[in-house]
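Okay, here we've got a single chain as structure tokens, the form predicted alone, with questions on binding and movement later.
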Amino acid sequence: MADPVHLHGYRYSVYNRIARLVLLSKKVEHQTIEVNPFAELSEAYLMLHPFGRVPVLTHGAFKLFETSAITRYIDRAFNGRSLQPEGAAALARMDQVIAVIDAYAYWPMVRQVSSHAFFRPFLGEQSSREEVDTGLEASRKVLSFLEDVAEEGEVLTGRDITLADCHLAPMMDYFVRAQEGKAALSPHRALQRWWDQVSVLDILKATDPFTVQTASK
């Protein structure tokens, strides 16, 4: 009997969704366990993640946190088509895209534009137009870089899904739920073409945090 796989995470977290996309891409049978990092965390969870964030993957007795480590582990540990390209240049570009997304895309695209133009209004909470505008300005350079990557054709092709696609897709999904984000993406033709292809994938629909989900996949 195979060791059970559990993903502990918050359904609205883009990083939790990244891990789920990789699990589904590899067709790994797993169970999701909801953890709200904004609530008081149990001692048991802090034993899994001492920094109190999400997600955490457990595979039998093996425990792992940090999304990039989790996604690479899943890709290496389970059968199925590799989600990492073989060529040195393509692999390096994938790593670069993931690093850029974490360092420069997450905060403006998700925590500023999407949070204040979409998520907070959705929850009936106060939002800041200044945060949206600041996020849009910071997102321009990110979108320009990602456009160049999509045009290059090593990764973000919309055809062969890699860890870079899984990392970017949840953030782009939140970004374009804001009309301002959708408008900011549209001039970038190659990146828009990528999103048009990726956004309709079954794995994106199955991990949509705003639809009813079952606990297991």
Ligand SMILES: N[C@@H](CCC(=O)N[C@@H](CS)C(=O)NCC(=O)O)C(=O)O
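If you're wondering where the values come from, they're calculated on a predicted model, not measured in any experiment. Note that residue numbering follows the sequence shown and begins at 1.
A second form of this protein, the form predicted together with the named molecule, is not displayed here; the remarks below concern that form.
Novice: Among the candidate residues Leu163, Ala169, Val54, Leu191, which is the single one with a non-hydrogen atom no more than 4.5 Å from the named molecule in the predicted complex?
Specialist: If I apply the 4.5 Å criterion carefully, the residue I get is Val54.
Novice: Within 4.5 Å, heavy atoms only, one stretch in 153 to 161, 26 to 34, 177 to 185, 46 to 54 touches the named molecule in the predicted complex. Which?
Specialist: Heavy-atom contact with the partner occurs in 46 to 54.
Novice: At 4.5 Å between heavy atoms, is Tyr106 in contact with the named molecule in the predicted complex?
Specialist: The answer is yes: Tyr106 has a heavy atom within 4.5 Å of the named molecule.
Novice: With heavy atoms only and a cut-off of 4.5 Å, decide whether Phe38 touches the named molecule in the predicted complex.
Specialist: Because a heavy atom of Phe38 falls inside 4.5 Å of the named molecule in the predicted complex, the answer is yes.
Novice: Report yes if any heavy atom of Arg140 sits within 4.5 Å of a heavy atom of the named molecule in the predicted complex; otherwise report no.
Specialist: The answer is no: Arg140 has no heavy atom within 4.5 Å of the named molecule.
Novice: Verify the contact flag for Leu21: yes if a non-hydrogen atom of it lies within 4.5 Å of a non-hydrogen atom of the named molecule in the predicted complex, no if not.
Specialist: Answer no; every heavy atom of Leu21 is more than 4.5 Å from the named molecule in the predicted complex.
Novice: Taking only heavy atoms into account, state which residues of 12 to 39 are within 4.5 Å of the named molecule in the predicted complex, ordered by sequence.
Specialist: Heavy-atom contacts to the named molecule in the predicted complex: Ser13, Val14, Tyr15, Pro37, Phe38.
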